[in-house]
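There is one chain below, alone, in structure tokens, taken in the form predicted on its own.
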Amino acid sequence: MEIIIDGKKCEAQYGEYLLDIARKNGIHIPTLCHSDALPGQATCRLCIVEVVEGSRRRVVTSCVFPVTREVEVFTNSEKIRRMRKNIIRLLSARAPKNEFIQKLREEYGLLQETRFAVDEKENCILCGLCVRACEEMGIFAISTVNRGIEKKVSTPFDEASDVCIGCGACAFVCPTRAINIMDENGVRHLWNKEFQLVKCQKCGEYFTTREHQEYMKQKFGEDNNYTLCEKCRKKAAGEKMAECYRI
């Protein structure tokens, strides 16, 4: 089917999300909480757009809005810009010094926030991606705790988690780099806990924690190669494939 986004005709598949269609056609829609690895989070609401179906106009969240018929979409209308500015202001009040939030403020011409109380040390926007990543790993080491203005992401009682394997999936998906992860002298520091890092058997670079390595072995079996970093695994797979073609 064909839809129109900001005056541009775009091909779309039934059920395809608006954000994906826009990106395929080079149309910019700002996002923070969207991750290709964990789609459908839809918490930051930055990707709102205006959809017109006949005489009906409505604001939808493009990352979770499936296209089922021909529609016209406006990603940067006056109404959307006004709503998006308010969202950015609230995010800025939550994490005023964050570089990603600052870029959004500049993009939308917003001055320094004066109306809302701000916490200059905060970077977390409570999007929940880190918690979801931990759950998808099957670990459940972190969660959102407390309520209201005290709400945050943490381990139980802010103590070192017994189940955390230090994989870093939470930090990898965080859109604002709010999770402090530090690798130093073969040791990873994460969530008030220290993890011993292991080296890739081929390149010698530290690439994961011992706990993560053991967890993957238990989950997927000893036959899989967990002694190589991702770069070396890909290289080894490519060499193996090339060898098969030569044979």
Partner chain sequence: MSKHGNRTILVCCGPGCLSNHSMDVYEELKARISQAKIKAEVKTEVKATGCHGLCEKGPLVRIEPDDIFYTGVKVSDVPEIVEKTLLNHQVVEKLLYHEPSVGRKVISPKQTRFYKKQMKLALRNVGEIDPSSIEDYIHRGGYKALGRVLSELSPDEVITEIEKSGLRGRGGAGFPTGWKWRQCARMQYYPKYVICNGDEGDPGAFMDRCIMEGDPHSVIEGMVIGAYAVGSHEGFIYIRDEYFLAIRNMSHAIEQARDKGFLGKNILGSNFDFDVQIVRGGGAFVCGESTALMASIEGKVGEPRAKYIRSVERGLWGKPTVLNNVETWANVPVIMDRGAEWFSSIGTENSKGTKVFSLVGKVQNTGLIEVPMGMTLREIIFDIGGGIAGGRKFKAVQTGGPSGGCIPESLIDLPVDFDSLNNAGSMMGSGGMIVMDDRTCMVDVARFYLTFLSEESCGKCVPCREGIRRMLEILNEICEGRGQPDDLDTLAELGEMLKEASLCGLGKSAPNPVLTTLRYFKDEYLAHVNEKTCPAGVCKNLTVYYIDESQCKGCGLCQKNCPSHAVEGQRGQPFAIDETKCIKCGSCMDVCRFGAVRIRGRDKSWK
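Here, rigid core means the biggest group of C-alpha atoms that superpose within 1.5 Å across both forms. All values reported here derive from a predicted model rather than from experimental measurement. Positions refer to the first chain, counted from 1.
Keep in mind that the form predicted in complex with the partner chain is missing from the display, and what follows is about it.
Applying a 4.5 Å heavy atom distance criterion, does residue 111 contact the partner chain in the predicted complex?
Heavy-atom contact with the partner chain at 4.5 Å: absent for residue 111.
Does the partner chain come within 4.5 Å of any heavy atom of residue 66 in the predicted complex?
The answer is yes: residue 66 has a heavy atom within 4.5 Å of the partner chain.
At the 4.5 Å heavy atom threshold, is residue 87 in contact with the partner chain in the predicted complex?
Yes, residue 87 sits close enough to the partner chain in the predicted complex that at least one of its heavy atoms falls within 4.5 Å.
Test of understanding: in the predicted complex, would residue 59 fall inside 4.5 Å of the partner chain by heavy atoms?
Residue-level check for residue 59: yes, a contact with the partner chain.
Name the stretch: of 40 to 48, 192 to 200, 207 to 215, 177 to 185, exactly one has residues whose heavy atoms fall within 4.5 Å of the partner chain in the predicted complex.
Flagged stretch: 40 to 48.
Quick one: from 169, 104, 71, 125, grab the residue that has a heavy atom within 4.5 Å of the partner chain in the predicted complex.
None of the other options qualify; the answer is 125.
Who in 124 to 159 is close to the partner chain in the predicted complex, meaning a heavy atom within 4.5 Å?
Read in sequence order, the residues that approach the partner chain (within 4.5 Å, in the predicted complex) are 125, 126, 144, 147, 148, 149, 151.
Once you line up the core, how about residue 86: does its CA shift reach 2 Å between this form and the one not shown?
No, the C-alpha position differs by under 2 Å between this form and the one not shown.
Establish whether a shift of 2 Å or more occurs at the C-alpha of residue 162 between this form and the one not shown, with the two forms superposed on the rigid core.
The answer is no, as the C-alpha of residue 162 shifts between this form and the one not shown by less than 2 Å after core alignment.
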